[in-house]
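Form predicted on its own, single chain, as structure tokens, below.
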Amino acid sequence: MKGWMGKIKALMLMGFTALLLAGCGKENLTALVPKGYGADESMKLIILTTVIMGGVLLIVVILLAYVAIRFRRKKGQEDFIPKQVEGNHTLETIWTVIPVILVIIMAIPTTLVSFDLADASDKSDNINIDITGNQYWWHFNYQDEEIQTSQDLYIPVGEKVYLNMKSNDVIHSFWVPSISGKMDVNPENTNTMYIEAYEEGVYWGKCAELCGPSHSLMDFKVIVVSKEEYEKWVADMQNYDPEVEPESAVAQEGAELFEQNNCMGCHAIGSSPIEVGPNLTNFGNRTKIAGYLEPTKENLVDWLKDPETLKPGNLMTGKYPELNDDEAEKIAEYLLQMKVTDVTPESAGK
């Protein structure tokens, strides 16, 4: 009895631990707290399949327990051999037909939702953004607004936004769990999906396709703002003049160093279509540096001096002369002062 009790306690502990860990996570990085149309539809499918599979599991466990108890070997029957039976057409038909029915029940709504989320019949009436996946960052081109930016995707709340996605190198996968499902981003064809957020806020996005050594660091953010804030953000981004000198003397020196080190060969500022490296317009308002580092001057200096250590496999490594501490700090000061608009991730939802 003691041995069995120990095993039962161990199983209960493991079950409790699994349940506890299942609650870990972030509200803006989970498919279980939907904040957009696509995520909401996906959640309904998750609930449907969970209920069906949970019911199947429960029935199997009950039947298994009944058979184990009802037909267990009893004392004095150690040498008893029960009647051997095989083949029951009724049972075989039942446990073949029922799974087929359950699969159909799950397949029909899944197919309908898939076609719904892929429907682009009203694409021309809504915002269209061309998204390019790169190792290991994302570029965003707002078609009608003629805005180029990277890493932080601004969209208005409650509106459909069509995303036309293509890769510059390998296969990536665009995924914002709280807003919508995944979509593969391929080198040879453009895949289109739409997202529609219910609430303002900052939502985390991930690349969901293993794409290289820094795949796990290929993060981005979707900043959902009010329609009025979105219009202001668009106007500010369109009217930004990259030729305007920074206010501080240190930042001015940083701008000169930025140009001297040929950073402009890869990084565009403003509406330039250059996509070799991330567009740096409004860099000072970014939520992260290199997709995952906190936006501090220290982290930016470290990134400028040695990007390979922080994000292995990135294409920035070795593309510019080595910077000393003073040069890196001045360039960092220049980039962090590059704030185009008052519409920021911090203001979203407030």
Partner chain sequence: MSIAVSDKNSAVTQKRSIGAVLWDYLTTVDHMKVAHLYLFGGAFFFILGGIEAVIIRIQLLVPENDFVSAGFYNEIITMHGTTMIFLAAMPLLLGMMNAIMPLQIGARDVAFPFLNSLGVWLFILGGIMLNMSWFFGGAPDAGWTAYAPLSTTSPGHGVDFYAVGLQIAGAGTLMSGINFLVTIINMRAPGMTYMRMPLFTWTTFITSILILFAFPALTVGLFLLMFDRMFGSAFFDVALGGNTIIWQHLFWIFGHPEVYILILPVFGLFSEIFSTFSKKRLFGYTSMVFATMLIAFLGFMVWAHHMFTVGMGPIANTIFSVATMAIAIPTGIKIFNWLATMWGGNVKINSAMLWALGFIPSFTIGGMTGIMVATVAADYQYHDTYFVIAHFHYTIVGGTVMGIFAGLHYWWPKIFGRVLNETLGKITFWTFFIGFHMTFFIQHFLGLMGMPRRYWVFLENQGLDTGNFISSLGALFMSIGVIVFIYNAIYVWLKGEKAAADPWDGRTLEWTTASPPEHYNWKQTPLIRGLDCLWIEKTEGNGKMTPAEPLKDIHMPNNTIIPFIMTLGFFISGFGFIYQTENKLWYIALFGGMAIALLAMLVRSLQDDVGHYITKEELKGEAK
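What we label the rigid core is the largest C-alpha set whose atoms superpose within 1.5 Å from one form to the other. Positions refer to the first chain, counted from 1. Treat the numbers as computed from the prediction; the structure is a model and nothing was measured.
Below, we refer to the form predicted together with the partner chain, which is not included among the displayed structures.
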| query | finding |
| --- | --- |
| Single option in 270, 265, 187, 158 placed near the partner chain in the predicted complex, where near means a heavy atom within 4.5 Å | 187 |
| In the predicted complex, the residue from 287, 42, 314, 281 that sits within 4.5 Å of the partner chain by heavy atoms | 42 |
| In the predicted complex, segment of 249 to 257, 141 to 149, 114 to 122, 233 to 241 with a heavy atom within 4.5 Å of the partner chain | 114 to 122 |
| Whether 53, 171 and 204 all lie within 4.5 angstroms of the partner chain in the predicted complex by heavy atom | yes |
| Contact of residue 110 with the partner chain in the predicted complex (heavy atom, 4.5 Å) | yes |
| Residue 300, heavy atom within 4.5 angstroms of the partner chain in the predicted complex | no |
| Contact of residue 227 with the partner chain in the predicted complex (heavy atom, 4.5 Å) | no |
| Contact test in the predicted complex: residue 162 vs the partner chain, heavy atoms, 4.5 Å | no |
| Stretch 87 to 111: residues contacting the partner chain in the predicted complex, 4.5 Å heavy atom cut-off | 87, 88, 91, 92, 95, 96, 99, 100, 103, 106, 107, 110, 111 |
| C-alpha of residue 72 off by 2 Å or more between this form and the one not shown on rigid core | yes |
